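Just the one chain here, the form predicted alone, laid out as structure tokens.
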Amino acid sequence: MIRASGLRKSYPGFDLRVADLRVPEGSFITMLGPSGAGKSTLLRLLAGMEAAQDGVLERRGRAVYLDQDNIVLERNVIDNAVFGLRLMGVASAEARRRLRPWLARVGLAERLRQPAAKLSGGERARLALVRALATEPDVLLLDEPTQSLDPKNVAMVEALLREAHTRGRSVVLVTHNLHQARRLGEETWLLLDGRIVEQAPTETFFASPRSREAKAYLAGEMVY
């Protein structure tokens, strides 16, 4: 679904280099690493939101990127929800018909006319996710979609992601939550200082990490 080789993206004081990377069709990948490791930058590169300075990136199918801030528009809930479909050329009435069941599933059916900016953090997270899911992307690229959410909202978001995955979507999820990474991931990557230092099936990653860096990270040591 996504292939990359020799990627390089540099900023003052930071250098991201990825020698080889694969996101297979129907995979669920969780990406770990401390703040500043390059996770968000790599996700934006994979989404095509930033251009690498070197390397080759091949993407088959349509990818949707979800920012960690769960951005909502200066519109009401239903107009936010249909925004992705409207960009794809779906008529307003049809887009609203498709989104109503999604909004009911995430507890927003009674909030359709409410300004989205007045929703709670958990509600905004659910709104942003269903807006993306309703467009039926091939790949979901998610940057900490459950950060700062309570357990109930985390469970609801994770259930939606599991369902998307069972329906054949590829998912790349950036998270700081080790338990979440282990619950959801089929494969786990660890980024440190702009490099993927460990890349393994999730159970192998947590049970028997190979690299010194991964062992230290899982032990709770500060790795930079």
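Everything numeric here is computed off the predicted structure, so don't read it as measured data. We number the residues from 1 along the sequence you see.
Below, we refer to the form predicted together with a small molecule, which is not included among the displayed structures.
In summary, the region of this chain contacting the small molecule in the predicted complex, judged by heavy atoms within 4.5 Å and restricted to 52-60, 155-163, 178-186, 29-37, corresponds to 29-37. Proximity of residue 206 to the small molecule in the predicted complex: non-hydrogen atoms within 4.5 Å are absent; the residue sits far from the partner. Heavy atoms of residue 195 never reach within 4.5 Å of the small molecule in the predicted complex, leaving it off the interface.
Put simply, residue 68 is close to the small molecule in the predicted complex: some heavy atom of it is within 4.5 Å. Among residues of the shown chain, residue 41 is one whose heavy atoms approach the small molecule to within 4.5 Å in the predicted complex.
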